[in-house]
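A lone chain, given as structure tokens: the form predicted alone.
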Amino acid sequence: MQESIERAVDQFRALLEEQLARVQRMERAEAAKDFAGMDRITIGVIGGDGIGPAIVAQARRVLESLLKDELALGRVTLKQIDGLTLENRLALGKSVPDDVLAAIKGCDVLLKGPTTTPKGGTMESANVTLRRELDLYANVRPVRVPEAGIDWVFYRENTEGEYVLGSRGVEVPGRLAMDFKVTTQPGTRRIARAAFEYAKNNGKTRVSIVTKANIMKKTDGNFSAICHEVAADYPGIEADDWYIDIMAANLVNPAIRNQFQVFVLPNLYGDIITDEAAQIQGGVGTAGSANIGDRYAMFEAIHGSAPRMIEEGLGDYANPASILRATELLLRHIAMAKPAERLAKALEICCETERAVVVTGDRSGATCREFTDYLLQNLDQI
């Protein structure tokens, strides 16, 4: 047992040194990229696994339509990136193969389909790897239900918490296993700043800080304290604290849920509660997700790769709404507001008001291509 303890201590020392080095890199970070001032933008397109290639292909069709002029002028390039399939990752034993990562780093933003994480803890999630390698620290997920007065935006810290070292815990075989949660000062400060900047720039008056600081006093306690330090720079915006368990209940409480506006929260809590929020909106298939850093950004569907649908031969019947909403977020991020507004209006017509073509996820409904044909017809009229 003593030998196992010594190995665990050595492993923890290495992890601690690694995370302190990461803190130093964040403190030396360059200024954020200004897409509005860029002459050329490269959008990487990644199919992913399961239903990913089917829905991403439709999102690419939409981008090609919306950005027809920019593509013709060479201002925007769509770069297909292959190799992030489960089969290739398993064959190479890497969550993101080196050549794929190099191709990704040659892009400015990514439109990415869902990727499957192998069961059994043998390989890190591709998303976790990409968030770390590209330093995509802000996971931004909007949720709107106009008839219920819901207009939420979640700012989930994306590179720390339980996930940053989730596959690298320590174990004393047959006795115990421990994973680690990481909260850094610069990491928390920048996600808090992003949330309050969004609130300021979009006329919001409230940012809700969601933690479990009454129990996780070091990590969540520091997260809450730093968020309040940042809030002091935004005197017109109220900052309030909530514990994650009661906030999960608040989101389904019609009496108060429409009072919330912007949320900022650590990684694990954000992962869970944004799925709950998406379900309130109409299901995880209806919500898009942005992963934003200062140099790169990645946009994806909120749902997974749905291997069951593939097994049942239903891949073509997957709902592309989530990846299309992610496409709208991508367009806004690269300062192309007019195409983003056109897509938002077309999605509102197709998914909410008219709904002449409906995807059900099985053969009783439309295919993802048929839905996209319907969407493109509406885009032509907007």
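All residue numbers are counted from 1 along the displayed sequence. Just so it is clear, the model here is predicted, and its values are computed rather than measured.
Another form exists, predicted together with a small molecule; not displayed. Remarks below refer to it.
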Q. At the 4.5 Å heavy atom threshold, is Met309 in contact with the small molecule in the predicted bound form?
A. yes
Q: Give a yes/no on whether Asn319 approaches the small molecule to within 4.5 Å in the predicted bound form, heavy atoms considered.
A: yes
Q.
Does any part of His303 reach within 4.5 Å of the small molecule in the predicted bound form? Heavy atoms only, please.
A. yes
Q | Contact label in the predicted bound form: Thr159 to the small molecule, heavy atom within 4.5 Å | A | no
Q: Would you mind picking out the stretch of 188-196, 295-303, 237-245, 202-210 that comes within 4.5 angstroms of the small molecule in the predicted bound form, counting non-hydrogen atoms?
A: 295-303
Q | Among the candidates Thr219, Ser95, Thr115, Thr274, the residue which, in the predicted bound form, approaches the small molecule to within 4.5 Å (heavy atoms) | A | Thr115
Q.
So the small molecule isn't shown here. In the predicted bound form, which residue out of Ile51, Leu343, Ile46, Ala326 has a non-hydrogen atom within 4.5 Å of it?
A. Ile51
